[in-house]
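Only one chain comes next, encoded as structure tokens, the form predicted alone.
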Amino acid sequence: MVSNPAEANIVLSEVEFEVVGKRPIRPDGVDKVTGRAQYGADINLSGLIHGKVLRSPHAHARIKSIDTSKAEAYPGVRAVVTAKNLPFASLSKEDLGGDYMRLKFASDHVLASDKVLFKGHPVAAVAANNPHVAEEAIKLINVDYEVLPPVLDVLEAMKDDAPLLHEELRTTSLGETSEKPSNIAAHLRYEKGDAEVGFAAADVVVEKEFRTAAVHQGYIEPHNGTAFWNTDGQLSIWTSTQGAFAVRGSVADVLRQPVSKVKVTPMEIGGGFGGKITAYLDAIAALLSQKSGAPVKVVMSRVDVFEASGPAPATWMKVKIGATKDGKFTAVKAELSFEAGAYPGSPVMQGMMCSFGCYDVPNGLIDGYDVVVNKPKTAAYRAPGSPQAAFGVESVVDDIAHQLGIDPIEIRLLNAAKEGTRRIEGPVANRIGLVECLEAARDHDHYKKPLGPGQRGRGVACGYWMNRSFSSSLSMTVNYDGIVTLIMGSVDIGGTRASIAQQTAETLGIAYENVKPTVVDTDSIGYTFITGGSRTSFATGWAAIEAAEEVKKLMVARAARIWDTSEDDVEYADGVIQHRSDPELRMTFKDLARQLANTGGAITGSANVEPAGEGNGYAVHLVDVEVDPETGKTDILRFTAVQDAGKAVHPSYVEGQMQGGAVQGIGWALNEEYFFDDKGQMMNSSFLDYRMPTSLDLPMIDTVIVEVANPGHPYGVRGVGEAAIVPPMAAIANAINGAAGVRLNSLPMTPGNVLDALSGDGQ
């Protein structure tokens, strides 16, 4: 919600649409508010049995042996599996060639074979007639471990003498592969101009180091997976996921099955934010089903979710920026080291791409390191990599502004990326809205209003996410009553059924209520990439537009047949099919639909797209805080989120995305962290101890939607789901600096850390 919705949007395009930009009712809303929606754990198949997973109590240990005999003999147990039941166990390096390491990592992540690499790593699984029997049976599995020293910090893991997670892992660095094993999986670099020349030309140079802790996405619904491996070789999976095709591909890969043998049905999803892309339980449930001959359901506990699913990575970063005395940046430099968790694949590359994405700089050098540590393998979390990078960069930008005596927004405007800006990693920006967002923030009442008395401060920060496209498929059918049914493969997390239905209705010129969207399984629609990367309303919406255009052509052809005239003489406009020269020959969309059955049958349009032109996303956040000098507690007094949506297809959902990202960023900034002891045991793996903000901790999050139309989409749409989480941590750090006069360079900025900084004992 916003304080004044009537003044919340800044529209820079004069195009007004009939359906796009409105706030219709969500198609899945009734089922969700009445409790009828079916989530992953709700699935109940005939003959269903239940699985439980045995997880490692150690962060790093060699598996010497596993004895499952007692569990197998326990009454009610139907199946027991270990890594030996995975195909990888019988495949040699020679069989797999260059694919050996990738498949070993993927297979071992499902069930550990030779080593466990984090507390909670799956080691074995049991299926039994009920979950209580399965729970007792896993306690009977005896695993003999050789405990090894864990490495729990990214900088410690990078040292030459650090304990190795993978004896066969070699560093790939700028096209070369090292000869000695290392915990550094990859070294990446982006470069533009000459950074050293740029720093030499600067009047002021600021360089600082930053750290961020691992944080969880905080979704309420735990991971789940139900599988039935039929005797005909067909494997069916029901799961809560952000991408049914991603699950299909992952399971087929690990189980060495053709994708045509695996059908995945996405259930409703109780939150994901990137954390429900990885398939954790589905292959395990499939193995148990294959062995037992029955469908098997496995659901994580909350502790399992924290300890064995992927958080956003902890990081160490060094950021350096040089500027002239009038505030113009001459050079930037960053070194980003991201924890990947147990297996390679942190979002360090995305962090590198986003780090200086808000700025037009002539010289830049960015190095990134993907580093394995004895923690759960990291996963995507809403603009993965960008919030951490922005925390460092935007803090340094603020310090330069203060040193030069320049307003924090004005220095950002002076250096802001705009159309034609070439980023350090290479791409050139099309029409983007960062300048308009900064101007909206500068002109907002929030920025103009003086701060009240006490230790209060105001912070500002920018955020960038490149946005994604990738493949989407969709088909639509015109029913004989004029209702259009949509079949799509994009899972709906934040209202994409509505946004895609709106784009369909707009293109066809019909009422939104006459479009019925349905998300289907992987056998019922063409390949569709995940719901993530801020891509779905853009890419699947584009598929809907193309399919609708095909429907329009077919409707014109059908009308021409009815009127016995040439198709060239018939036009389709605003949901009406009419003869170009005979005004009496005219039918509405529904009029023609009623005649389809007797004139050739139903009409169906479809599209498989991978559109370019996704359009970059930018956000600017303002925050006022008050810091208690006696306790170190930071209170958020006011928060305003400004973001360029291109075109807000459904403004209510855009506002919700902006508010949700801001709230998650507030938690990331002030409270949230994975806290480990020196043995790698997570000490706060519950919602009681892992402190996420509640409504009592927050003010109203005001939103300002800026609409700078994306030229790469027919309706100007940009993705909006991710840029909103990028600025809050830096904005809050900047506000705390203004309130208390201390710069905190590590997250979270807890009361204890703030007190340490105030006393000079901290950062």
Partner chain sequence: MPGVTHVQTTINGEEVNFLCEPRQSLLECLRDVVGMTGTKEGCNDGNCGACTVIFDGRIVDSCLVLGVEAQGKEMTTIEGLATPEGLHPLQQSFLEQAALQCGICTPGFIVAAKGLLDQEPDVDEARVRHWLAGNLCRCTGYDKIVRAVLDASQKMK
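On a predicted model such as this, the values are computed, not experimentally measured, just so you know. Numbering follows the first chain given and starts at 1.
The protein also exists as the form predicted in complex with its partner chain; that form is not presented, and the subsequent description refers to it.
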Taking 30, 37 and 221 together, does each of them reach its partner chain in the predicted bound form with some heavy atom inside 4.5 Å? yes
Could you tell me which of 698-706, 63-71, 712-720, 727-735 sits within 4.5 Å of its partner chain in the predicted bound form, going by non-hydrogen atoms? 698-706
Could you spot which one of 527, 145, 190, 653 gets a heavy atom to within 4.5 Å of its partner chain in the predicted bound form? 653
With its partner chain left out of view, choose which of 538, 238, 356, 273 has a non-hydrogen atom within 4.5 angstroms of it in the predicted bound form. 273
Test of understanding: in the predicted bound form, would residue 595 fall inside 4.5 Å of its partner chain by heavy atoms? no
Verify the contact flag for residue 377: yes if a non-hydrogen atom of it lies within 4.5 Å of a non-hydrogen atom of its partner chain in the predicted bound form, no if not. no
With a cut-off of 4.5 Å between heavy atoms, is residue 657 one of the residues that contacts its partner chain in the predicted bound form? yes
Contact with its partner chain in the predicted bound form for residue 381, defined as at least one heavy atom pair within 4.5 Å: yes or no? yes
